[in-house]
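Okay, here we've got a single chain as C-alpha cells, the form predicted alone, with questions on binding and movement later.
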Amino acid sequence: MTTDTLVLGAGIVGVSAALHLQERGQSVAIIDRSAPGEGASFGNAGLLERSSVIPYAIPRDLRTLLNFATNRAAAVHYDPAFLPRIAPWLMGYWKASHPDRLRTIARELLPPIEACLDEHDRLVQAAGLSHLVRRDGWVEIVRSEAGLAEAGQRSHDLRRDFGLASDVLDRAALSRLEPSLKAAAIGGIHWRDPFTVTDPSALTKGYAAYFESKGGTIYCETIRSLTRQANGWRVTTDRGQHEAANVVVALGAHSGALLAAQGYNVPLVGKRGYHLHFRAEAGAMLNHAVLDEEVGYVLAPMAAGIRLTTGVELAAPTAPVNRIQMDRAERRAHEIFPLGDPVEEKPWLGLRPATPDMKPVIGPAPNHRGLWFAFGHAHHGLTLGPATGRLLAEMMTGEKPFADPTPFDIRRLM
C-alpha cells in the first residue's frame, strides 16, 4: 500500500487530522464528496471558542424549558414528528445536562479546549492564513439589569474556575467597544481569550491547501463502502477504490451511517443550524462577533457581510430549509444592530454532529484494527479541529497523548 492513512471527511477535523499525521511522517489522503470546508465547517459563527468551557446543555429551569416547549423560541426549534425518532438521544442529553454531570464533562473537555488556540495558531502561521484570524475575542450582550448581574457572576465564576479573561461592560463601556449597537443592549461581557475567523470555509480550505503543498492528496469522491482487508482497509467510492493500512472516519454528522455497517451504532444527531449574511446599514460597523444569549443567535462580521447564525433546529437531516428560526432571530437582531438587506436569497443549512454526552468521539475502533474515529464535535468543530487532529495523531503513532483520550472513547456510547 502506498498510503498509510485515508481520512474520510474534508471538514476542519478531517483536514487537521491529516495534517498532524502528515507531520509525523505518514502518507495521507483525504476523501470527501465535497471540497474541503464545504460542510459544517462552512457555516458557523467563526468562533475559536476558548471561553466556552461549559457545553451547550439542556436548561434545567422550568421557565426556559416551557419557552422551548412552545416551539416559539429563536434559540431552539423542533419538528414534533422528529422528536420520537431521537428520544433515546434526548434522554441521554438530558441526563448529561445534570449540573453534577455537566461539571465532569466540562473538566473532561477542558484539555483540548485549552489547547485550541495554540494548535490553530501554529497551523495559521504555517499556512499563511493570519489575515483570516482576529485575536480580540467576542462580546456577549445582555438586555436587562438582571441579565447583566447574572452575566457578571458567570464571568467571575469562569475567571476563577478556568482562568478565562473577561471584562464586564456597562452600557458606556459596550458603546465604546461597539458604537453601532442599539440601546436594547444595555451591557455585556467581553470574552477576550477567543479568536474569531472572518471566513471559516477559507480557513479550512487554507489548511487543506497547506496539506496538499506538503504532498498530501485530496479526492473529491462519494464514499460508497468501507471494507476490512487482510492488511488494512479498502474504501470504495463512485470513482474507484483506495486502500490504506488505517482509516480515519471524520465525516461529521454523516459518520454514523458508514460505521453502522461495521457494527457501531453511534447515537449521533445532526443539530441543524442556519446562517445568512446581511449588509450593515450605512455607517454601521460591527467590530466583534456578538452573542445575544437571551434570544439565541450570533452576529459575526465576516468577509461576506454580517453573518447571522441561529441556534439549534431538531428536524430530519433531509428536511427542507425552514426559515422560521432565521426569521425569528433576524427580527430580534434588528433590535440590537442596524442590519440592512440580506446578501443571499436563502439561508445556508448545515448539520452539527452531536453525541448525547456533548463530547466528541476520538480514538480507535474497539473491534477493528486500523479504524479510527474523529467526529461528534457539535458546536465546537471549528474550535477543536486542530487539537483533535493532534490528539488522534499522537494515539495513532504511539506518542504520549497531550490529553487523556479516555473520555472520548466510543465505548462510552455503546
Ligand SMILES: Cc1cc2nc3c(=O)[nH]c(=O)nc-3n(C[C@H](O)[C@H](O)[C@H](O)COP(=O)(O)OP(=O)(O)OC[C@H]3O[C@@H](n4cnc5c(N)ncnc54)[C@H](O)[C@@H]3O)c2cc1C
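Bear in mind the structure is a predicted one, so any value in this text is a computation, not a measurement. Position 1 is the first residue in the sequence shown; the rest follow in order.
This next part talks about the form predicted in complex with the ligand, which is not shown.
- Segments offered: 185 to 193, 315 to 323, 272 to 280, 92 to 100. Contacting the ligand in the predicted bound form at heavy atom distances within 4.5 Å is 272 to 280.
- Looking at residue 58, you'd find every heavy atom of it more than 4.5 angstroms from the ligand in the predicted bound form.
- The ligand in the predicted bound form is approached by residue 221, whose closest heavy atom lies within 4.5 angstroms of it.
- Although the partner is absent from this view, residue 377 contacts the ligand in the predicted bound form, with a non-hydrogen atom inside 4.5 angstroms.
- Under a 4.5 angstroms non-hydrogen atom cutoff, the ligand in the predicted bound form has residue 34 among its neighbouring residues.
- Only one of 28, 387, 45, 358 lies close to the ligand in the predicted bound form, with a heavy atom inside 4.5 Å, and it is 45.
- Of the residues given (328, 134, 254, 242), 254 alone sits with a heavy atom within 4.5 Å of the ligand in the predicted bound form.
- Within 4.5 angstroms of the ligand in the predicted bound form, the stretch 132 to 161 places no non-hydrogen atom at all.
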